[in-house]
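Form predicted alone, single chain, as structure tokens, below.
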């Protein structure tokens, strides 16, 4: 499968009479986009706002972040199962508005959504302080049940991202990145002197609004399976969950998975990257056993010598992470785990809810319980009082001077377990 990402660099958003791209700026017809989104009868109102790096703006509670993309050439359309049909994606040419993001907000679920500050110390913890953001504030109709509201919000973000990108198809790419994922028979024979490595990609699927969608299917309904990395770049995996903002893999993060990017960069140099196995995170012991055994069975069928395993969320999913680890290691496959920590504000508590002796190669994205004071901002987009009920906030978070005390758990992507953060380093 061959995919070209045609990246158009975006530095700014603006509102105007026609939606399109010129001079590194995406202009949006506010009335046209609002009318498109309000075709959903579950919504009572839509407000559009702009937020750029360095602005004195706080956005909360942020539900999802999506990068504007659309197909230029090839079968299907991005975000299959939602925008596109359920046909396989991951081939052809895809337009990417690089540097732009759609952020959805409003009085939604609240406890496990997040904060994005565009300046100040909070901005140092979220990658979305560095993107040019079109913020969509959503007001639902009364009586819409919670899971339907989450679905409506998800569709708002995806529709907005696709609408904007589709209106910019004539823009000339500043950069074209090409990715190729060959047939397995070919991949197995390539680079015979290099160790075969696969990626076990754990998807949040605990239910009760802790969901991830694959081609429109709830991930808790799947058995672990192989997927081409290029499918993921075309939006085959969509966030629909409300885990803590710090380590939520929002849709933007799935599209730009740093682990996949890093494995591609090392492919043919010191590893042979032969596949991605998606698996779920479950709530019952039987489901955890089934999925972990099946995921590692696939890895053994690929004949890999090493696995990179990433987690989403914390607590209950730690058991899935560790089960994947020891089953792989006891099968003779070396593992590297990527997670974050909830070690208490003093860092002295147990970092993970589970562990095993085989888990001796682990990358941490940081301690999400670390406390930070966020100064007041001139503008708030969203609902400021939700800061006290966000995961990482607490009653008393709001100070009289407009500042707030929160754990970095409340900041979007502060300790993202795919490495999509502003606090980290990598060796090349």
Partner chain sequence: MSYRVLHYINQFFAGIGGEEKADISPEIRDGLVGPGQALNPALNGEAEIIKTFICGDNYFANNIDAVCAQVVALVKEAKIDALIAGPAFNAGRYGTACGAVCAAVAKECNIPVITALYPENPGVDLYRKLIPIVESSDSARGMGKAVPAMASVILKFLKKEELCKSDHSCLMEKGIRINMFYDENGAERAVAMLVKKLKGEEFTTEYKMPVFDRVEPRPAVKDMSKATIAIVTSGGIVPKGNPDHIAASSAQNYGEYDFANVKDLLQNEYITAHGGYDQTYANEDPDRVLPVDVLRDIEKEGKIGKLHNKFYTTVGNGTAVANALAFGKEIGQKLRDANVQAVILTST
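Residue numbers count along the first chain shown, from 1. These numbers were taken from a predicted model, which means no experiment stands behind them.
Although not depicted, the form predicted in complex with the partner chain is the subject of the following passage.
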Suppose contact means a heavy atom within 4.5 Å; in the model of the complex, does that hold for all of 322, 334 and 337 with the partner chain?
yes
Is there a heavy atom of residue 87 no more than 4.5 Å from a heavy atom of the partner chain in the model of the complex?
no
Just checking whether residue 367 would be counted as a contact of the partner chain in the model of the complex - the rule being heavy atoms within 4.5 angstroms.
yes
Taking heavy atoms and a 4.5 Å cut-off, does residue 270 contact the partner chain in the model of the complex?
yes
Given that the partner chain is not shown alongside this chain, does residue 346 nevertheless sit within 4.5 Å of it in the model of the complex, heavy atom to heavy atom?
yes
The chain here is shown without the partner chain. Which stretch in 96-104, 78-86, 160-168, 300-308 comes within 4.5 angstroms of it in the model of the complex, by heavy atom distance?
300-308
Answer option from 355, 139, 130, 225, heavy atom within 4.5 Å of the partner chain in the model of the complex:
355
Partner-contacting position among 155, 232, 259, 214 - heavy atom within 4.5 Å of the partner chain in the model of the complex
259
Within 121-150, which residues have a heavy atom closer than or equal to 4.5 Å from the partner chain in the model of the complex?
124, 125
